[in-house]
Ligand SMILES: NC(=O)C1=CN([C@@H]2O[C@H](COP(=O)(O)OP(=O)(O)OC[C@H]3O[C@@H](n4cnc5c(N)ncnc54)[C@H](O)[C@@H]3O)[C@@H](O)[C@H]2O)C=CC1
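Presented below, as structure tokens, is a lone chain in the form predicted alone.
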């Protein structure tokens, strides 16, 4: 018994003093900021702020790429003062992450709050001049950002949009109040807590073994094709959603599924993209396009898709009036799905 207790105590001692990884340290620091308003306010003193206007991030151009500039609290207070806004406006900021050195990162929209929006809109051009950048729609800029800035600005926009749309309690109708980090809103009259939510979306690359099925909506850029995608309905599993979406959009029945990856997607209002591969039943590959959902859909060979993956640069109209077949940029999870399928096809065709 004594020996057992000694071993147990040594294990407990080791557990208590085991150094935490950088990731765990960051995660627990962010958790503290979300739960402790005073700690979050303190973090703002040494943190960095990304600026938005009407949900469009402030960006600067550098070598055909957009960069997201950061501002200190002092710089932000100076900017607000210069354009007639109170420093209290900083309370509308939201926490979006932190560095490994625990520098907290926040996002603030200068054009959303109703009490300031008219003034902010009138000063927007002057703000852009002062900040040496432009407020650019995220959908237009997303694929010209590096991966870290794209992820951070997507998170920021989704949070800012959610807070703008959830300022009142759905039960009492009373104004809700955000915590300092922006990780929740609370109704003071009944203490109901509201948390930011994402809508689950499946994105599926369908294959018949040697070909993959790609489709396009009328809203897509000319010539671009992608995998099938659709929102999960209430009560559905991911598997059920894939079966239904493929049947609805192209009239095919899925035989097997394989999970690939997931990605946050800021459009239309914050989605969780769940990417999967799917195969259809042999001999049942005739596409019947649902024109309410899609403009067109077609089967593409390995060589066609592999060639499209290698294309770079802008995609302009050709002399015959058509546009070249191209795929979503690398940042999109649909690109990852398609690339993974091509690589698997390439490996399976190699001699054993």
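Residue numbers count along the first chain shown, from 1. This one's a predicted model, so the numbers in the text were calculated from it and none came from an experiment.
One more form of this protein should be noted, the form predicted in complex with this ligand, which is absent from this view; the next part is about it.
Candidate from 85, 176, 226, 207 lying within 4.5 Å of this ligand in the predicted complex - any heavy atom: Contact check passes for 226.
The unique member of 199, 147, 74, 165 whose heavy atoms fall within 4.5 Å of this ligand in the predicted complex: By the 4.5 Å heavy-atom cutoff, the listed residue in contact is 199.
Which of 176 to 184, 152 to 160, 77 to 85, 262 to 270 lines the interface with this ligand in the predicted complex (heavy atom within 4.5 Å): Every other range fails; the passing one is 262 to 270.
Contact of residue 293 with this ligand in the predicted complex (heavy atom, 4.5 Å): Residue 293 belongs to the contact set for this ligand.
Contact label in the predicted complex: residue 217 to this ligand, heavy atom within 4.5 Å: Within the cut-off, so yes.
This ligand contact in the predicted complex: residue 251, any heavy atom under 4.5 Å: Although this ligand is absent here, residue 251 would stay clear of it in the predicted complex, with no heavy atoms inside 4.5 Å.
This ligand contact at residue 195 in the predicted complex, heavy atom, 4.5 Å: Judged by the heavy-atom cut-off of 4.5 Å, residue 195 is well away from this ligand in the predicted complex.
Sequence-ordered residues of 227 to 246 touching this ligand in the predicted complex, heavy atom within 4.5 Å: Heavy-atom contacts within 4.5 Å come from 229, 230, 231, 245.
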